[in-house]
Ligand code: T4K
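Just one chain is shown here, as structure tokens, and it is the form predicted alone.
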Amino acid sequence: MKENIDDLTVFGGTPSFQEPLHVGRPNLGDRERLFERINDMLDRKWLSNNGPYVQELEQRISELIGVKHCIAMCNGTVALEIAIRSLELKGEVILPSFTFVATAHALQWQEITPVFCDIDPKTHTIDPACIEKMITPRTTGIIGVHLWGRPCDIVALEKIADTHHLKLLFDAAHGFGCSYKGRMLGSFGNAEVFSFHPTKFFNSCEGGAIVTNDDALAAKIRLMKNFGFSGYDNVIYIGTNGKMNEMSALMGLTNLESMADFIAVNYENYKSYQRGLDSLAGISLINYDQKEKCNYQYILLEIDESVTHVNRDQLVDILRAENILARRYFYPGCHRMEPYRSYFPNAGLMLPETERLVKRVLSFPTGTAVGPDEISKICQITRLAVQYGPEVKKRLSGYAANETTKSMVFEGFAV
């Protein structure tokens, strides 16, 4: 164990881990069952085009969530794009900037203007109180984003959408297996979109899904994700290729059978981090509502530099030197990425809570790839960095200044 700051790798110590610890290392279900399904798929020679494994996965997810329709997709981004198009959104759509850029891109890709709204600092999700002032005559919808497995204020968003006759879509990439007021995420709004990317606690290698209780909308989405085909050679609607293949579906089915185990591991990891970071001044671990179902997929911290002295980015550097690949989410905010920072250069003035949070949030490794021993080391290193915060900050700042000086001399600048 590291006992003083000279033991930290960033200051010359030995890395705590030989292999990198990732935030989103894929969880894997029963390999034997997976290989059985692969062999069955190969024997059938049915690899895509609404095969039996895709159909089974859709049915199992529908039953799990309690929703009428699940349409499996090749990935979550295409699912978002098709959901947006199926709802006939246009003009402007309101969404948080504090989300993965795919949420905004799925709109901009279809020449719909994303209007960035600020977040509630307590929940990190879109703030209903800020939405009303963003609505214009061109607004056609709202996209709420469930973050960290914690849902948006769905009741408030539904009320706003109903009052202003707007479509309501949820990006539920983080929300699979979670509930809101006892009801599973996936069954709210006009539709919800899941991602089954390998970084998610439940994955299908690559994939996603749109879920809805709207019969007409589901029928439309099924046409759109398969080039508009209705039957063997009858195209009745414009569409694209959003289909999930059989390999992804059978991976999803296999992991679905282990989902409860994945959640149990995530929960134990979460409790271990709670114990390891307890009472550490300036470090706040987000809380989950124990009354609701949750996937506990994210170990999310807020770093208060005024207390810790080391800021979030310096802590990232310290941890990465130890082979702990902690991540910043969702830095620097969609409004500061292209093309949005060029389109809306002053958007940050309307997003004070987003601007604050993107500088404070840090995600730690979890999932089946880590356990109590790894978590204990991660917490111990974090405690060490914060305990000696002023000295660590001073040394890191001096190191950075020296590196800048060396670079300027090398480039031939006067210093």
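Only a predicted model underlies this, so the values are computations on that prediction, with no experimental measurement involved. Note that residue numbering follows the sequence shown and begins at 1.
A second form of this protein, the form predicted in complex with this ligand, is not displayed here; the remarks below concern that form.
Participant: Thinking of this ligand in the predicted bound form, which stretch from 210-218, 111-119, 281-289, 93-101 has heavy atoms inside 4.5 Å of it?
Facilitator: That would be stretch 93-101.
Participant: Any chance N266 has a heavy atom within 4.5 Å of this ligand in the predicted bound form?
Facilitator: So N266 does not count as contacting this ligand.
Participant: Within a 4.5 Å heavy atom cut-off, is E322 in contact with this ligand in the predicted bound form?
Facilitator: The answer is no: E322 has no heavy atom within 4.5 Å of this ligand.
Participant: Whether K393 contacts this ligand in the predicted bound form should be assessed with a 4.5 Å heavy atom distance threshold; does it?
Facilitator: Heavy-atom contact with this ligand at 4.5 Å: absent for K393.
Participant: Just checking whether N75 would be counted as a contact of this ligand in the predicted bound form - the rule being heavy atoms within 4.5 angstroms.
Facilitator: N75: yes, in contact with this ligand in the predicted bound form.
Participant: Looking at L315, V145, L87, I131, which is the one with a non-hydrogen atom within 4.5 Å of this ligand in the predicted bound form?
Facilitator: If I apply the 4.5 Å criterion carefully, the residue I get is V145.
Participant: Using a 4.5 Å heavy atom cut-off, which residue among K225, H174, H124, H335 comes into contact with this ligand in the predicted bound form?
Facilitator: Of the candidates K225, H174, H124, H335, H174 is the one lying within 4.5 Å of this ligand in the predicted bound form.
Participant: With the partner left out here, which residues of 327-341 have a non-hydrogen atom within 4.5 Å of this ligand in the predicted bound form?
Facilitator: Contacting residues: R327, Y329, F330.
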